[in-house]
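First comes one chain, alone, set out as structure tokens in the form predicted on its own.
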Amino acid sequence: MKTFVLTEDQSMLRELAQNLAEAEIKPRSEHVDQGCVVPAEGMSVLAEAGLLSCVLPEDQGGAGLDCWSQCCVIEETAKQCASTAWAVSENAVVAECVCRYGSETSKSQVLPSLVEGVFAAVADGAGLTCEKAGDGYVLSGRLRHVLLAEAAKWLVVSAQEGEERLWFLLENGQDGLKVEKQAELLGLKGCPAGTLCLENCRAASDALLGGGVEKTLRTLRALYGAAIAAGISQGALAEAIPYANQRIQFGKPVSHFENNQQLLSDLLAKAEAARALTWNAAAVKDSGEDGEVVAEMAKVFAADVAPYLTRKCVQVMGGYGYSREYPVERKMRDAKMIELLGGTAEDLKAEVAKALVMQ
């Protein structure tokens, strides 16, 4: 079903992302999930195709593509494996923050490795403090629930200095920084969570990211989170609809029953709406306008749709939907994680309200 008119270049990029996700990422998705294995092979495949951090300019090693292109890659990846899609999105977020706000030293050291498929992560939240020490800073504290904390080579972390919040680029394993494993997650099991433990961890002055990074992080994580949620929804429907067309009950496919037709048509509409909001938010960002609010609205809607839609797809498939024989149960678990990550619905709604209502 065609619901969007894309340019020739957009169609080609989307087809490339779809083919790679179907051929290379889908076959590895169950292994990533059941084994709690970071999706290194999937990242390598996308890197070889030039689809990682593809918004970076060509002189920084990227493909010089637009934000819609990066969203499309993340969405198509999420149809098959949300863990891989999350790793791709974190890679892209860190790359853009370093490109826009990092020192020349950081850019030359970090950006080429991200384009090549190195893992990265954002560690955002209360728990870390910093203080000026000579020509740099010293960071201390603990920060829990950082996805890919152990696998990430590069970490963008926030730390509090008095009333001010600062952002730093750190390298995993540097002196004073270690990672403690946490309990296994319910979803996104290919992105294991860990606790960052910093004790007198020194960050040089050129590791400090410039102003504006927090707004960029909020916008990108909301936008890419929406793309992941939209992809999960489409991936679940791609399993449930063929099943409903093939499963025979009382002498006819279950898709012929009116209640299932009503349900599936509603789910299709919701999935298409989630994608439309996400693509619109990407287009706003590509236009150069402030895309934070539209990205947050897209994330609120898409991340609300995905858990509902995946639960209903499990329902359509009955016992098979709840079985690991089909990937819908995994998509249901992953959808709940995306609802919580990159800004919860409550936080994002509050930000939207501030911008649109409380003026």
Partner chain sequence: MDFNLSPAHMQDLEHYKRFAKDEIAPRFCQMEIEGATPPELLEKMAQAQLLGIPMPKEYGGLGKDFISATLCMEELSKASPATAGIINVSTELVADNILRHGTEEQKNKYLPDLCSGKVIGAFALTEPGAGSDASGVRTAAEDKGDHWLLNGTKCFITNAEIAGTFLIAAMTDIGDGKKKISMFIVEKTFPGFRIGKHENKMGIRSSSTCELILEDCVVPKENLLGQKGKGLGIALGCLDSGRVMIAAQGLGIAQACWDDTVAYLKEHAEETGFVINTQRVQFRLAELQTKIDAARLLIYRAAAAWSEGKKYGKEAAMAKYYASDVANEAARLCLELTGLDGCSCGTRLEEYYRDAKITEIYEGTNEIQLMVIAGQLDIKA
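Remember, predicted model here, so these are calculated numbers, not experimental data. Residue numbers count along the first chain shown, from 1.
As for the form predicted in complex with the partner chain, it is not shown, yet the points below apply to it.
Trainee: Can you work out whether Gly35 and the partner chain are in contact in the model of the complex, taking contact to mean some heavy atom pair no more than 4.5 Å apart?
Mentor: No, Gly35 is distant from the partner.
Trainee: Quick one: is Arg333 in contact with the partner chain in the model of the complex, heavy atoms, 4.5 Å cut-off?
Mentor: Because a heavy atom of Arg333 falls inside 4.5 Å of the partner chain in the model of the complex, the answer is yes.
Trainee: How about Glu292: is it within 4.5 Å of the partner chain in the model of the complex, going by heavy atoms?
Mentor: Glu292: no, not in contact with the partner chain in the model of the complex.
Trainee: Test of understanding: in the model of the complex, would Arg311 fall inside 4.5 Å of the partner chain by heavy atoms?
Mentor: Arg311 belongs to the contact set for the partner chain.
Trainee: Going by heavy atom distances of 4.5 angstroms or less, which of Asp175, Asp135, Glu184, Glu104 would be at the interface with the partner chain in the model of the complex?
Mentor: That would be Glu184.
Trainee: Just give me the single entry in Gly211, Gly251, Gly162, Gly288 that has a non-hydrogen atom within 4.5 angstroms of the partner chain in the model of the complex.
Mentor: Only one listed residue qualifies here, and that residue is Gly251.
Trainee: Is it true that Phe4, Asn19 and Val122 each have at least one non-hydrogen atom within 4.5 Å of the partner chain in the model of the complex?
Mentor: Not a single residue of the candidate spot has a heavy atom within 4.5 Å of the partner chain in the model of the complex.
Trainee: Looking at heavy atoms inside 4.5 Å, which stretch does the partner chain contact in the model of the complex, given the options 264 to 272, 70 to 78, 243 to 251, 150 to 158?
Mentor: This holds for exactly one stretch, 243 to 251.
Trainee: May I ask you to list the residues of 304 to 322 that have any heavy atom within 4.5 angstroms of the partner chain in the model of the complex, in sequence order?
Mentor: Stretch hits, in order: Asp304, Pro307, Tyr308, Arg311, Val314, Gln315, Gly318, Gly319, Tyr320, Tyr322.
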